[in-house]
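Quick setup: one chain, the form predicted on its own, written in C-alpha cells, and binding and motion questions come after.
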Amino acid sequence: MSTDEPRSARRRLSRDRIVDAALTSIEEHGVDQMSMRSLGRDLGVEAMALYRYVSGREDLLEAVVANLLNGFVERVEAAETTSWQEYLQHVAHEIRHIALANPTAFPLVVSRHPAAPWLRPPLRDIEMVEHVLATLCARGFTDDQAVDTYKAFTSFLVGSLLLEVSIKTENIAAVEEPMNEGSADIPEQDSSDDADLAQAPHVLRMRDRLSQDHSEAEFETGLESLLNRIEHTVSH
C-alpha cells in the first residue's frame, strides 16, 4: 500500500469510523490483536493516517469504552420507571444488553480506569453515577443507603456479567495496564475537583462516602445474602 492514501480514503476517515472499526476488530479478534497497524489495514489506509483522529491505541480503547456506554443515561430515563426496584432492574438489563452485544469488548468497561478512582465500573462515569444516586435519593434513600446500594449493585453486575461474557467468547484476555500515548485521557489519580463535579451534586455530596473502602464488609454481606437465598430455596 502506498504511504499516500487516496484522497477519497482520507475523506472517509473520522474518529467515529475508526472507533467503530476498532470495536469490530476487538469483537472478531480480541483486544490483544487490535493494533493501529491492523486497524489501518482494515480501513484501507496507513496506520499513520489514524493519528490525525486518535492519539494512539490507549486513546482508542478509551473511545471504545465511551462508545459502548454512549446513550446509556438517555435510555434509562426513557424507561420512566416508577420504583427504585424497577429502576435498578432496568439499569441492570441495559448494562447486560451492552455486555452480551459486545462480549469481547465489555471487559474493557470493567478494566479501564473510571472517571475517578472512587467510582466503580460498569457505572463508571460521573453522569451515570449521578443519575443512580439522584434517583435513589429521590425514592427515599439516605446518602449512606444510596452509596451502599451503588457499591453492592456494581459488584453484582461486574461479577455476574464478566462470568457470563467469558462463557460466550474465546477472545477475552487480561487487559494490560494502559501505556498513555499522546493525549489519551486516562484517569490515573483522583483528579476530579469540585468544578468537575458541578453538574453532579449528588456525587459531589457523597464523594467521601464513595471513596471509603469497605471491601471486606461488602464481601461478607454479599456472601451472607447469597447463603440466605440458598437457605430460603432449600427450605421451601
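This is a predicted model, so every value here is computed, not measured. Start at 1 with the first residue shown and count on from there.
Omitted here: the form predicted in complex with the DNA. The next part is about that form.
Legend entry - Distance check, residue 203 to the DNA in the predicted complex, heavy atom within 4.5 Å: Residue 203 lies outside the contact set for the DNA.
Inset, instruction - Please run the contact check for residue 66 against the DNA in the predicted complex: heavy atoms, 4.5 angstroms, yes or no? - result: Flag for residue 66 set to no.
Inset, instruction - Indicate whether the DNA has at least one heavy atom within 4.5 Å of a heavy atom of residue 46 in the predicted complex. - result: Residue 46 belongs to the contact set for the DNA.
Inset, instruction - Classify residue 35 as contacting or not contacting the DNA in the predicted complex by the rule of any non-hydrogen atom within 4.5 angstroms, answering yes or no. - result: The answer is yes: residue 35 has a heavy atom within 4.5 Å of the DNA.
Legend entry - One stretch from 207-215, 66-74, 22-30, 48-56 that, in the predicted complex, holds residues within 4.5 Å of the DNA by heavy atom: The contacting stretch is 48-56.
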